[in-house]
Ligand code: DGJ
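Below, in structure tokens: the form predicted alone, a single chain.
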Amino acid sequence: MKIFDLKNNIFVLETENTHYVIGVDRHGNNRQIHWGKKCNIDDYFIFGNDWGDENSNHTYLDEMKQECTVFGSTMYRDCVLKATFADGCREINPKFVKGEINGNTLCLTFADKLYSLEYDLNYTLFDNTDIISRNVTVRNTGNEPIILERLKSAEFTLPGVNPYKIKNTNGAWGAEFMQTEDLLDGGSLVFESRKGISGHNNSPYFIAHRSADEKQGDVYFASLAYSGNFKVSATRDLYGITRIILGMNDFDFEYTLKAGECFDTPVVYCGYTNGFGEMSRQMNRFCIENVLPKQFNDKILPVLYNSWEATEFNVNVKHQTELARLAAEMGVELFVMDDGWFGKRNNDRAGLGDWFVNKEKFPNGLDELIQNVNNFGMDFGLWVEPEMVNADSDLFRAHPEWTYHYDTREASELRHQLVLNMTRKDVQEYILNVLDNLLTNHNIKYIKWDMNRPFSETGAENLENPKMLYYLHTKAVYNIVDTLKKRHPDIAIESCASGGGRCDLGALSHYDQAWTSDNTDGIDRMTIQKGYSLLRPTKTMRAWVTDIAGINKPCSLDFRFNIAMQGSLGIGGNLLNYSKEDLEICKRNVAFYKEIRDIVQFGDLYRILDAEEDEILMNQYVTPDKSRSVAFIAARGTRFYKKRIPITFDGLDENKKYKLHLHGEDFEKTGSFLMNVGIPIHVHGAYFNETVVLTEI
């Protein structure tokens, strides 16, 4: 890992296996030179310094491969930066100022020739990975405000002129992370969120390739660490050049940069790898080491039980204690009480915002239940939804002005709730204080932070520029979470937004884990969890076993455990209705998960068979030293008789010998044999389910 300054304004960022090369031409334009496999450093130079305009409709700027396109002149394509100056000028004319290397970070500084706008292009390298972080810093060095109309985090130009396939998602609530793949042979593709959070639909990343698969092929990718409105725009022009820009969405966005202020865009993590599998493995390791909060990034996450499906809003000490007793007997380590414990919260129409204990349900306060849970040997966790308020609440009656609203418009109550104006200091202080008091006064070790609706009526009379609210709201959430974690370093916090609406790397820079989806159906989760695993760390993926035993096809309790154990295991069924046999199945599976969860949460993932393409799902996790592995095999119903296929493994040391138990038989085979020949299995039935542990001999 090194940054080379070639002394002619060309900079080579060398990672473990790649080069990312950028430069500045003699006209002061930033240029992207190479992204991909390593080359001889002395060969790098800038092509096309003196190319002229193609004609009056296609200028030389159209062909330029840049790291940061700005608005103005004869540059007509999508841009990273667009601004309005105090005199009404809306064009940026930058000049190169300097390039500085500080350890593992490169900063290229540009400034407008006449106006007080400076911006830095920032690049940071990390040890033992091919991942690079990028972002932009903008400064106002003058005395007049500058209106930023568009401010993205990074621009990429992909090598070559042949079309790329672009992967993203097209999901929904209950169907998050549904993968899409589009051939971009002309025009543009846009993936975005406009709802105030990164959302359930598109994802704030791109994955670009031409003919890659899990094991091979050039893969270029970048993921935005931001939980607000985002936009990913990919274009391919008449010259065959594919460019991708990602960052905060310019939809309904402006930011007023006052005199002397600076603005840092959210970070983008990008990389080039061989195959989708290596992409996921690098991002998994990278996020654990460099993105997740340090309190728990290297620690195993506990098995949790959540009471929502068992009781919904009808919580009380007796039922919660009985659920906790049953959960403890099956080996659960963390008991989480969900919605219904506060205010007048008997349904979803009232109580949000009133974060005080409901005395009718808990006449002796929360501590009675917490003590019971602790006596069973478990930690206690609690559900909250701090960014929301019901109209039927003491908080709203006292402060109706605390929501996003217009006095002349009727408020939209999605799920019977309104969104609090998190850009207000008094709202931020209220939320921080009530949560801090909860954590200070009670032995709570875990917070499930939910958010169940998007923004609407986005009036914020407290702001001079209301279009700043999306960014400021997101930053306020981050700041409150960070403050709580600083004051209470033993508290783990989960990001939840009506399921997987806030699972981006920005959220995972502050929260310790994410709720993947409200859809806990084991069969649907095969697909949802694959989409999650592409660019997000496995250990952050909370996966529950619940009583949803197959929406379209039935699946057994063991099958549901098979799927949920491929992330951070949780249980959410109504244990009060479980038979003795069901409870024993839970106990057995929890014990098994504890034996292998370090492999799952910190190991390398190999997606060997795909539920959609192969009818069979097979995911394998391997420890970094390749001494232990666990493979999960599941089929949701075989077609046309029975499947007799050889199962091959991956990620093993070909020279090591492993023991394993499969289909009732014990085997001792070398890694080479297991990866190239494999062992035959017989897949049959409506919900085939098998787990295989491989241990080095």
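Just so it is clear, the model here is predicted, and its values are computed rather than measured. Note that residue numbering follows the sequence shown and begins at 1.
As for the form predicted in complex with the named molecule, it is not shown, yet the points below apply to it.
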With a cut-off of 4.5 Å between heavy atoms, is residue 530 one of the residues that contacts the named molecule in the predicted complex? no
Should residue 515 be counted as a contact of the named molecule in the predicted complex, where contact means heavy atoms within 4.5 Å? yes
If we define contact as a non-hydrogen atom of the residue within 4.5 angstroms of the partner, is residue 448 a contact of the named molecule in the predicted complex? yes
Quick one: does residue 415 come within 4.5 Å of the named molecule in the predicted complex, counting heavy atoms only? yes
Contact residue in the predicted complex, chosen from 603, 94, 499, 351 - any heavy atom within 4.5 Å of the named molecule: 499
In the predicted complex, which of the listed residues (130, 338, 112, 120) lies with a heavy atom within 4.5 Å of the named molecule? 338
Residues in which of 420-428, 584-592, 267-275, 491-499 have heavy atoms within 4.5 Å of the named molecule in the predicted complex? 491-499
Give a yes or no on whether each residue among 18, 126 and 286 has a heavy atom within 4.5 Å of the named molecule in the predicted complex. no
